[in-house]
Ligand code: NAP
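Take a look at this one chain, the form predicted alone, written out in structure tokens.
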């Protein structure tokens, strides 16, 4: 029986990136639907559920993508609500790469030390990757500070993380370079999670920093989020610090993404969201 992946994308054109990754991970047939609204998910999922017997449902799975993460989360809720009893298929949420990129970045940061003894700053962390990375780090026991240009925005995001992940993340406003230096005082790791093409921490700041042990950047578009950190670096050590560029993180993200897709076809009742994908990432990193 062929492994069929139902790709539900909130964007008009379903992601080519996600499609190729799905095939590389072992999906044999890909059914792509673009422009999907949350209220349309149930009937699409029913199509995947009711065409095969319970014993064969592990060969059907659902991938939820698109650039709108909030809509992706709503689509995941609708998919889960469609399941009942043994009638279910495995489903994965990775809208805009939010879960696989965040988990890969967090695994890299945790390689620098015990999270319970770490203070981690997530710069420009109000986007989907920054939010999930902050939550996962906090759940591992790290002291986490999430920044935005305005305190109000950072506070709203931290409140949402407390509700969704039940973790405490401290908000901070970082409108300029001086504020960046202040928020990094005593920090052991920094993750640059802002928009492409914006430098968040200069090399002159992180290189001489007394306590930093890891610098990670998920931006591959020049100028880079962490000045002086090459995109291909994957733990390169300079001045006692492990440095991770976007491609160094991205290579591991791809391994996580492919492993998650493969896992979908091992059973019919998996739900892969941030926490579950992070657990798989930690397994791969061992």
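This structure is a prediction, so every number in the text was calculated from the model and none was measured. Positions refer to the first chain, counted from 1.
Heads up, the form predicted together with the ligand isn't pictured, but that's what we're talking about next.
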task: Please pick, from 193, 105, 134, 189, the one residue with any non-hydrogen atom lying within 4.5 angstroms of the ligand in the predicted complex.
output: 193
- line: Of 118, 124, 76, 205, the only residue with a heavy atom within 4.5 Å of the ligand in the predicted complex is 124
Which of 26-34, 231-239, 215-223, 52-60 sits within 4.5 Å of the ligand in the predicted complex, heavy atom basis: 215-223
message: For the three residues 88, 260 and 282, which mark the spot I'm curious about, does each lie within 4.5 Å of the ligand in the predicted complex through at least one heavy atom?
response: no
- request: May I ask you to state whether residue 72 is within 4.5 Å of the ligand in the predicted complex, using heavy atom distances?
  value: no
message: Against the ligand in the predicted complex, would residue 96 count as a contact residue? Criterion: heavy atoms within 4.5 Å.
response: yes
- request: Using the partner position in the predicted complex, report whether residue 158 sits within 4.5 Å of the ligand, counting heavy atoms only.
  value: no
query: If you check in the predicted complex, is residue 181 within 4.5 Å of the ligand, heavy atoms only?
result: no
query: Along 136-150, which positions have a non-hydrogen atom within 4.5 Å of the ligand in the predicted complex?
result: 148, 149
